[in-house]
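The chain that follows stands alone, in the form predicted on its own, written as structure tokens.
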Amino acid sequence: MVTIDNVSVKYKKTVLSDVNIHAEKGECIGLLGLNGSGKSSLLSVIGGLKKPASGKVYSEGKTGFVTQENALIDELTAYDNILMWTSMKKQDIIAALNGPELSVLKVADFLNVKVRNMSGGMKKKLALASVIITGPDILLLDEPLAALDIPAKSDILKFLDAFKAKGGIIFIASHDEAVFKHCDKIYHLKGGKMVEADKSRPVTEIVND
């Protein structure tokens, strides 16, 4: 369970005011808004990386955060990047990557490839697997499908459905129409405020409200 209770976010000025969201196990919450609307800031608050100016976030379980930039080291292989997140032995890492949860991401296929030689889709899958292998109950994703080809998008969306099915909670910030089809609720962030959107409407219509 995650409850965001009257949270406000400020830097030099207020970014978001009085945000309220409640998410139960197995729910995916979509955050929609233009650049600078506060999506990434809200994810940082939920993940405990930034303190809210007011209000509180209550959560049960471990949180994993996959940022838009991908926290990967270019000179290291996929395997070595994963080792930065976990103390698991190599055979256990390989077993996990080939297991029912992570096999859809196909990271085991490029475990010895250096990040600098990876495609954008491979990097995104590796970043996601590196977080998931630590066993989070709550997953925060910032633009997970940005600049990916169709097969990579499909693999990540399949993973998200599987994570939800086992009771995981997802908060996902995106501009991609395909993402929101997998969300249970969509919230539109605009002008420092947040309102729940009608998920049956096209994303372009919601953003232009």
Partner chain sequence: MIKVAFKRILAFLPYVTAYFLALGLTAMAIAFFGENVLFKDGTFSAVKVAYYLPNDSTLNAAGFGVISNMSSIEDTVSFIEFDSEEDVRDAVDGGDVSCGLIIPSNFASGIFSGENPEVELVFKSADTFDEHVVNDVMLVLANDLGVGQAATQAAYTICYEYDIDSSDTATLADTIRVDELGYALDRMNVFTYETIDDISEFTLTQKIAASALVYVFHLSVFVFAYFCKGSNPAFIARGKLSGIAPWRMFLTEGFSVAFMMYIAYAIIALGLLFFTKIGIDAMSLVYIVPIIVIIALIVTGISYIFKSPVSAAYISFAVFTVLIYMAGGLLPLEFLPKFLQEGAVYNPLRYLIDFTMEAMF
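From a predicted model like this one, the values you see are computed outputs, not experimental measurements. Positions refer to the first chain, counted from 1.
Unshown form predicted in complex with the partner chain; subsequent notes refer to it.
Not one of Gly99, Asp149 and Asp161 comes within 4.5 Å of the partner chain in the predicted bound form, counting any heavy atom. Contact check for Ser59: no non-hydrogen atom falls within 4.5 Å of the partner chain in the predicted bound form. Taking the partner from the other structure, the partner chain in the predicted bound form has no heavy atom within 4.5 Å of any heavy atom of Lys89. The partner chain in the predicted bound form comes within 4.5 Å of a heavy atom belonging to Thr67. Interface membership of Trp85, defined by any non-hydrogen atom within 4.5 Å of the partner chain in the predicted bound form, is confirmed. Residue Leu76 is the only one of Met118, Leu76, Ala108, Val104 with a heavy atom lying within 4.5 Å of the partner chain in the predicted bound form. Of the listed positions (Leu34, Ala165, Ala178, Leu49), a single one reaches within 4.5 angstroms of the partner chain by any non-hydrogen atom in the predicted bound form, namely Leu49. In the predicted bound form, no residue of 89-105 lies within 4.5 Å of the partner chain by any heavy atom.
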